[in-house]
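Given next are two forms of a protein chain, the same chain in both, each as structure tokens and marked structure 1 or structure 2.
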Structure 1
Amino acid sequence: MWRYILRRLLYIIPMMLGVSVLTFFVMKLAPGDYLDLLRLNPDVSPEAIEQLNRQFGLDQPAYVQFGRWLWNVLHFNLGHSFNYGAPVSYLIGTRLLNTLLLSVASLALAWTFSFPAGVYAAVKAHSTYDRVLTFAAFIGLSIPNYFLALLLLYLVVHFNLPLPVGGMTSSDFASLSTWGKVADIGRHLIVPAVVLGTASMASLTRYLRSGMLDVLGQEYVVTARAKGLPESRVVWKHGVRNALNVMITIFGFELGSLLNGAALTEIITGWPGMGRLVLEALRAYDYYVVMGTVLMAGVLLVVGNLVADILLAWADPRVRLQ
């Protein structure tokens, strides 16, 4: 098993190389670069633009730029942002924990609700409850996140709810006690976590329901019922236990996307996460910021899937890692 894990971890290297080559050259293929906005500014002299062009290495062929970047990455240096002039690692550092916090909160919210809801919907399949839930899930799936975020903020303002309109901390955050800080972030977390939570809640409930339905249709469940086992034991011991596989696989995927951020939700709710950073970098052709975040997200995706596989092997004796 350890060899298996090691092998999977080693796969990361060629994979990340491929991902970064693709990302870089796709960005390069798009016409334009970071300096285009300055080129149309009458206050900026052509000499200054030429100087920046050289300084950023944008006058070099693409493969030279990529080679330099790769060399730096191998020396644990993610390069500098054109836009901010600061190290990419600093920029990511300021956002990483924020994104993680939001992802974990929305994930927790989604699972706490979806798990019982999905299981119950499968058990009571085609009942009124199931139909209502299905209906609600489809609504949840079809409402765009940014719209829901705006709607929630509008309700906060309209009904004068004691919640902040966006942001992650209050302006007096630095002077609060530790518990005060936790409460303050918690208050700010509610809207974005609910927006992202409900979005994944909808799909998650559907996945869990169908996973559970599959299991409940199996012959061993029929056998269990025929033996006269109480329904709760049938559902929990034979149903849920076997439906875990599906759930773990989904969980692994979600684990992998923890750092991706949700740009639009972050923008509306003012959450200082990675999504905003990446979107801004993409728009500004700030190559190395994009590359840095893609690397991190890629590694996390592989690790997330690995964790899911390990959990799967642990939960299901039929699965063997090799």
Structure 2
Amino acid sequence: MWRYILRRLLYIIPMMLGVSVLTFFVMKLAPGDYLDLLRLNPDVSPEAIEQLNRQFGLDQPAYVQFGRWLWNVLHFNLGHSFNYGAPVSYLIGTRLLNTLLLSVASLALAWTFSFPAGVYAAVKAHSTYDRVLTFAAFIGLSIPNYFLALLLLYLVVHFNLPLPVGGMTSSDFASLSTWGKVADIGRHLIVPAVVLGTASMASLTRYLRSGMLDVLGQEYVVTARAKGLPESRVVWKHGVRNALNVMITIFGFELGSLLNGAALTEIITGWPGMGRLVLEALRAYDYYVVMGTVLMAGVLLVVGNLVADILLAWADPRVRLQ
């Protein structure tokens, strides 16, 4: 097991190198750079632009710029932002916790609802409840996140609901008590978490229902029922446990998408997370901020898949990590 984990962790090195090379040179294919925006400003002299060009290393060939960035990464330095004038690691650190908070809240919401709903829909297959849940799941899957976010914000304003329509904290946040601050962040978290959790909730419910229906038709489940075992034991011990493999695999992918799945929702709801930072970096040709976020998202994806593999081996003895 430990050898397997070590080997998977070592896979991160060539994979992240490939992703970094691809990301950097694809960005370089785009016309222009960060200084083009400054050249349009008549208050910035050509001498100042030339000095910034040398300072940022933009006067060097692309492979030299990438080599310098890679050398800095090997020394735990993600580079310096052109746009903010601050270290990339500092910028990511200020936004990372906010995005993780939002992603974990939406993940918890989706799994808390979808697990019992999917199991019950499979047990009551083709019933009215199953049809209603299937219809709701299709709506949840088909509606885009940005549209759902705008719709919820409209409903909050139109019906004067006691929920904020943007940001992460209220204007009087500093004067609140500790529990007041927690409650304030929780109120701001409701709309973006519901938006992100809806699509995930719908897909998880459908996957679990499908997996459960497949397992409940197996011969060992028929045998368990013929032996007179209680239905609840048949469902939860023989059904749910054997249908977990697909869910664990999906859980691994969702762990990997924690950083990049919330970008549009963050921008629309004003949540100060990584999504807005990446968008601003892309628009400003801030290469090293984009590279830093891509690097972190890639590492999280590999770790998420590793966690899923380990959980699969734990849940299903037929799976062996070799």
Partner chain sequence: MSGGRAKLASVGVAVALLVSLLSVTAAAAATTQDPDVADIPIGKRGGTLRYSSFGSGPKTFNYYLAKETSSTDVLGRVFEGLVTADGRTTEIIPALAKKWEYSEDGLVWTFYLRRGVQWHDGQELTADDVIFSYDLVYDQNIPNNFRFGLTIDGKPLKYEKVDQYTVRFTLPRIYAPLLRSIGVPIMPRHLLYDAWKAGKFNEMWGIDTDPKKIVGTGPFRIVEYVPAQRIVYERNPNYWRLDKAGTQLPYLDRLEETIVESQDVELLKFRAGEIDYLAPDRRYVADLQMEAASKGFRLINGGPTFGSEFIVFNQNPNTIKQPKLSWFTNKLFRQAVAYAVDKESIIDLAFAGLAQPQWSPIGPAAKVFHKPDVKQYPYDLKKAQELLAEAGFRRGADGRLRDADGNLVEFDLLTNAGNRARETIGSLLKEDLTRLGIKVNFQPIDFNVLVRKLTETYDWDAIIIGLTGGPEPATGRNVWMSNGGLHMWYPGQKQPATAWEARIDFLFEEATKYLDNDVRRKYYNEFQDLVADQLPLIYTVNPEAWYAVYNYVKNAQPTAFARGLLYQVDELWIDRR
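Numbering runs along the sequence of structure 1, starting at 1. Predicted, not measured: the structure shown is a model, and the values here were computed from it. Between two forms, the rigid core is defined as the largest C-alpha subset superposing within 1.5 Å.
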Structure identified as the form predicted together with the partner chain: 1
Residue shift check between structures 1 and 2, rigid core fit, Tyr34 Cα at least 2 Å: yes
Is_shifted Gly67 between structures 1 and 2 (CA, 2 Å cut-off, rigid core): no
Core superposition between structures 1 and 2, C-alpha change of Leu52 at least 2 Å: yes
